[in-house]
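Below, in structure tokens: the form predicted alone, a single chain.
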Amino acid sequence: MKQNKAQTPYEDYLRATHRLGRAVSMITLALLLGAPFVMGGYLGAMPNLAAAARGFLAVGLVWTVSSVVEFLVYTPMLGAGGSYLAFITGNLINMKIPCAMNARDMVGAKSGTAENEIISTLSIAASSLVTILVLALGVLLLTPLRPVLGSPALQPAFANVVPALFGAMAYKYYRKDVKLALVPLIIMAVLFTLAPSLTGSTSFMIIPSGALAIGLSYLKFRREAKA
């Protein structure tokens, strides 16, 4: 006898989220790829596709690997709804990930749970709306604030927004095990100092630095288990 299992509200929510997320993702992808061609056709200034393809191949391989890594790393952290919103609206590293992580820590939610799914989705949605509002105000106030924003005294602050943001976020994790955190931090700092060109591939460098941190954590766990 066939048994029909009733779907829980959370399962219904996930199914609807995936359905809507896939549809909006395809629409967004079509708009992003189609906009340059529409504008080029309207203005009579279509790009040289062969030259564009060669330019893409020069950097496409690196960014393709980076995109896959970001998807594999961030999706379990953000859940379905948060991932769709974050990847569609963009600015993950600077805005969406810090916002979701902070909101998750404030409520004590864990990755892979329904609580984390809801909290991540709400926090990223709020972040996206705030970003749109700030951008709209920025456009309206760009001319009046141009003398202030162009002041030489503020330029160092603008150049260090991301390091300051992630430094503040990282500290609360580093302080849980300072010795463990210092090893990958020092190695990556030395590596970036010796090879400054790697600063443009920070997403790709998540793989070796994350593998190092996981390996050290595993060794520490094994040592403490034997003690």
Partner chain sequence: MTVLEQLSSGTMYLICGVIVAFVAMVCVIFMVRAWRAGKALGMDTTRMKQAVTASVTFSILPSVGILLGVIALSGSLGIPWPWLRLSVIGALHYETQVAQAAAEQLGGTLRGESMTAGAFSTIAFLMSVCIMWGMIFTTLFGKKYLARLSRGNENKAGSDKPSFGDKAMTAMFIGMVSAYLGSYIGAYISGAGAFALKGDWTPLLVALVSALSMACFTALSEKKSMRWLDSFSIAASMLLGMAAAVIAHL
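Throughout, rigid core stands for the largest set of C-alpha atoms superposing within 1.5 Å between the two forms. Everything numeric here is computed off the predicted structure, so don't read it as measured data. Residue numbers count along the first chain shown, from 1.
There is also a form predicted together with the partner chain; it is not shown, and the following applies to it.
**Q** Quick check on P144: any heavy atom within 4.5 Å of the partner chain in the predicted bound form?
**A** Taking the distances in the predicted bound form, the answer for P144 is no, it never comes within 4.5 Å of the partner chain.
**Q** Do any residues of 114-138 have a non-hydrogen atom within 4.5 angstroms of the partner chain in the predicted bound form? If so, which ones, in sequence order?
**A** A114, E115, I118, I119, T121, L122, S123, A125, A126, S127, S128, L129, V130, T131, I132, V134, L135, A136, G138, in sequence order.
**Q** Rigid core fitted, then: does L194 show a CA shift of 2 angstroms or greater between the shown form and the other one?
**A** For L194, whose C-alpha is compared between the shown form and the other one after core superposition, the shift is 2 Å or more.
**Q** I want to check L20: does it shift between the shown form and the other one by 2 Å or more at the Cα, with the core superposed?
**A** No, the C-alpha position differs by under 2 Å between the shown form and the other one.
**Q** Superposed on the rigid core, does the Cα of V161 end up 2 angstroms or more away between the shown form and the other one?
**A** No.
**Q** Please say whether the CA atoms of T193 and Q155 come closer or move farther apart in the predicted bound form, knowing the change relative to this form is 3 Å or more.
**A** Those two alpha carbons end up farther apart in the predicted bound form.
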